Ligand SMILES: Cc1cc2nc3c(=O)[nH]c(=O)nc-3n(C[C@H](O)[C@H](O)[C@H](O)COP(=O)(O)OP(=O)(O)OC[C@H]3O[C@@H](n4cnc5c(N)ncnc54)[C@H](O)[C@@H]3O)c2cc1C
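For reference, the chain that follows is the form predicted alone, supplied as structure tokens.
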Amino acid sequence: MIAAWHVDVAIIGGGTAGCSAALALRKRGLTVALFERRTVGSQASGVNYGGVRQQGRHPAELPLSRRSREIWPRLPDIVGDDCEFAATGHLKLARNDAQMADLEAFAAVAAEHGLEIRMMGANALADAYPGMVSGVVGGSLCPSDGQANPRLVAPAFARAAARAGAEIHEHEAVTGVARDAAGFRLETDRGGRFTAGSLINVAGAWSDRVAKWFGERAPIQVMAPNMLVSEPVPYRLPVNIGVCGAGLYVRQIPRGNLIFGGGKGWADRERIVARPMADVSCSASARLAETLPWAADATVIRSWSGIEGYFEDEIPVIGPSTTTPGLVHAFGFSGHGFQLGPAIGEIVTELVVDGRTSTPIDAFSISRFQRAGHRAA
């Protein structure tokens, strides 16, 4: 039996947001214990595509994304590792005029947030990327977007947080939490007993269960990204690419491997198991060959998946609990939380320590589900 002890803040979930929060809280002088049932970064934060993308976001997410983009190039100073971040740009390709109009509409919204988007017609694409892409009428380039290695980011934040004095409890799941006059009381599957003044719920696809402990409904659904990587091929792709309506995204790392994905794999949230699907992988490979003909003969050497949580409105829950003082939520990033993770850690820290954040988050309140007449099931 592990003896009980007290920390200022307990964090449930060891993705990038949770590990970033642990580090930010220690910088503010608070004691922290983070609990992760597997290893840090083992689910959504570590199994995604690795796009550090501002382009194509819901307008409400743009202030979050802009704030986070300022953090990425500073990772060597913050966590001691660049996590292979590179500002390669993100090119969104349109296959018809309607998709091109959608890209133009987003560019107008992005400009209101100070985000540069360059519209490119078919001729401009051909000039900028000769012989690289086919079957498109144009696209939009966000030069400040980029890519990073998702396998590295959450562990780098966790190591930095541990060096700063945070307790990182891997392979230790929180099995129950209650709140009383003394604060939050946590129990773990390893017999741990902890108390905390505040609680941060960043448990990914399982966060709805934490919310339910406190009477809040969050109708999260499960998604498993279907990811693949090819053998190294000659380096030709200097930009991160997404294709409108095709379910395809691809980037190439300096070693030559093409990392790409599209469609959904299979996931079982109860057993914490996910795997890619062969038919989905074949379909994504075919779309890759159609878009990048020069990559048609590249051999896929590995495929994988993981478990992500998403909402039907495709924006996350971020903010204080509507029922329980001291509880802060951040989850349900719907397949596009990787780029946001470093900033989310700072934002939830501000909510805990200061009771507010300067970044607009009203659109992400968990109250939107309660307002709809829902209650915790």
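Just so you know, these numbers come straight off a predicted model, no measurement behind them. For every residue, the number given is its place in the sequence shown, counted from 1.
Not pictured, yet referred to below: the form predicted in complex with this ligand.
- In summary, among the residues 47, 327, 343, 33, the only one with a non-hydrogen atom within 4.5 Å of this ligand in the model of the complex is 47.
- Among 220, 91, 307, 120, the residue placing a heavy atom within 4.5 Å of this ligand in the model of the complex is 307.
- The putative spot formed by 26, 185 and 198 is not touched by this ligand in the model of the complex; no residue has a non-hydrogen atom within 4.5 angstroms of it.
- Heavy atoms within 4.5 Å of this ligand in the model of the complex belong, among the stretches 109-117, 166-174, 286-294, 126-134, to residues of 166-174.
- The shortest heavy atom separation between residue 242 and this ligand in the model of the complex exceeds 4.5 Å.
- Proximity of residue 211 to this ligand in the model of the complex falls outside the 4.5 Å heavy atom cutoff.
- Residue contact with this ligand in the model of the complex: residue 227 places a heavy atom within 4.5 Å of it.
- Put simply, residue 203 is close to this ligand in the model of the complex: some heavy atom of it is within 4.5 Å.
- Although this ligand is not shown here, in the model of the complex the stretch 331-356 places heavy atoms of 333, 335, 336, 337, 338, 339 within 4.5 Å of it, in sequence order.
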